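This document opens with one chain alone, in structure tokens, the form predicted on its own.
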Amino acid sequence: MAFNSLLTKGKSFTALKNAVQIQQLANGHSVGNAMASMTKEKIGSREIVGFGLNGQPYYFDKLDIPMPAIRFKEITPDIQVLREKEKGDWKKLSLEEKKALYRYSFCQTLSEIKAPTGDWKGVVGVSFFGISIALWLFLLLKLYVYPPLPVTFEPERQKAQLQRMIDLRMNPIDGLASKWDYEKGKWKE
């Protein structure tokens, strides 16, 4: 009962494991048997062959952890025959049998894991699409939403404003007026 409520609430495997251990200890049962049956439900008939990542029985292909905790495929009669043959001399195994044994344990070779996937193309495409949407949005806002620029941005008005600042001798020590030669009527060189 406690398990179903934990599963429906989306709790993690660790929370479920702790709940099982508490329930088992409360009932006076062994904790290991419950964990073994839960693990068997998750991985089926795949063989546990190592510790894996954090001791959990998961399969994944990663370069930094080259030996997963469980085999990739469940055992079949064909694989069982090959497993018996591999206990003998490996020189008697054909190349296809060796490949079948490898694919029983692993999904990809290290070369296949390292191979480029081309995911960068999708990232670049989505980035360019986002940039183009932003540019179109900017143009639409500039045309239909923003008011026109004030008249003070016209070149004639800016020249008149500059001349007025010079005539009023604004900031004569290190500002604009300090760069104007009032005797010659032009900018200092």
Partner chain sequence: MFRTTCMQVGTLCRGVSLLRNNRVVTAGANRFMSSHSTETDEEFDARYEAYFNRKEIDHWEARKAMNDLCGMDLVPEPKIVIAALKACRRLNDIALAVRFIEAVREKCGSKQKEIYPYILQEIRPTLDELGINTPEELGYDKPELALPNVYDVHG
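Residue numbers count along the first chain shown, from 1. Everything numeric here is computed off the predicted structure, so don't read it as measured data.
A second form of this protein, the form predicted in complex with the partner chain, is not displayed here; the remarks below concern that form.
- By the criterion of a heavy atom within 4.5 Å, L63 is counted among the residues contacting the partner chain in the model of the complex.
- When the partner chain is considered in the model of the complex, T76 lies well away from it, no heavy atom lying within 4.5 Å.
- For P57, no non-hydrogen atom is located within 4.5 Å of the partner chain in the model of the complex, even though that partner is not displayed.
- Within this chain, L139 is remote from the site of the partner chain in the model of the complex, having no heavy atom within 4.5 Å.
- In the model of the complex, the residues of 80 to 105 lying within 4.5 Å of the partner chain by at least one heavy atom are, in order, R83, E86, K87, G88, D89, W90, K91, L93, L95, K98, K99, L101, Y102, R103, S105.
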